[in-house]
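Just one chain follows, in the form predicted alone, and it is written as structure tokens.
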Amino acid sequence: MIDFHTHPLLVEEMIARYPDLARIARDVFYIRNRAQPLETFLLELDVAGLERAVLLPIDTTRTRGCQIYSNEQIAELCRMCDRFIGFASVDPYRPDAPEVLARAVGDLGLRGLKLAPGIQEFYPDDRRFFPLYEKAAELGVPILFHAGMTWEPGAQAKYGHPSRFEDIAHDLPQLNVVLAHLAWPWVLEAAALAAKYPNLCLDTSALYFDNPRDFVRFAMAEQVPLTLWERSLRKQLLFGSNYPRVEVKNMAWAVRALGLSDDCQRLVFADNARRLLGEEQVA
């Protein structure tokens, strides 16, 4: 059972080692919650019935003058707890971006790539960035893109419209692409892409108003029919909480309350993530 979308921004032990992480969380990522001991993060997973969590950094060196966790910091946190799965991030404008990713995977043991077009300020379908995507495919690691609206100050939603990801899914069928947050508010468009491209997945980490249970039901049962997830996209949906913006347990309860079958929930909470991470094949 895996949470495929978390940000370790409030971990006290890491803030004690890297004090600027507190400012970055507050002013760049726009999360105002208090710092918490690592144990709190793990208890969040325990209460939600989850074993592991994917940790996501964002390289905003060019656009914000800092990194929302570096690859090295993610690897350090993964060494502190074997329940964490670290992803890398890289500025796609870097001419050596593919090499940076290769080092993060080969030397640091990171297992995916996180890109956030809004705050990194790039259009993902720009052909200049395809060598980075091709390197991810060569390495066998998925790319998780922020898609849709974003809370970060100054980050524009125009970079994350689902249509910006179609060329990637179409031209690189061997690459596993995940669109975060159901690409809300463009859930229907994102679901249509996933229905067409089996290498494109969505994660559930969407919460932009109200409470998790009501919002997830609106996004996944009203904006599109629930049967679409159950019948057509069961192997392309991943559980993600977006912790710490949302408590893991609250998002897990919201997704479980949708009424998906037990078999579908097993895919969403476990098997689909394990397949993308190269741990097992979905039957």
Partner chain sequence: MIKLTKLTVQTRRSQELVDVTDEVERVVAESGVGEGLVYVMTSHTSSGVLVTEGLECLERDVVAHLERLAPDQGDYWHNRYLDIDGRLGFNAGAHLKGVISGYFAYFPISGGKIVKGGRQRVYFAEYDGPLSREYYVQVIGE
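Numbering follows the first chain given and starts at 1. The model shown is predicted, which means the values in this text are computed figures rather than measured ones.
The same protein also has a form predicted together with the partner chain, omitted here; what follows describes it.
With the partner left out here, the partner chain still marks one of 172 to 180, 109 to 117, 201 to 209, 79 to 87 in the predicted bound form; by a 4.5 Å heavy atom cut-off that stretch is 201 to 209. The closest non-hydrogen atom of residue 51 lies beyond 4.5 Å of the partner chain in the predicted bound form. Taking the partner from the other structure, the partner chain in the predicted bound form has no heavy atom within 4.5 Å of any heavy atom of residue 225. The closest heavy atom approach of residue 32 to the partner chain in the predicted bound form falls within 4.5 Å. Residue 246 belongs to the set of residues with a heavy atom inside 4.5 Å of the partner chain in the predicted bound form. Here is the short version: of 213, 103, 94, 128, the single residue with a heavy atom within 4.5 Å of the partner chain in the predicted bound form is 213.
Scanning 24 to 51 for heavy atoms within 4.5 Å of the partner chain in the predicted bound form gives 30, 31, 32, 33, 34, 36, 37, 39, 40, 43, 44, 47 in sequence order.
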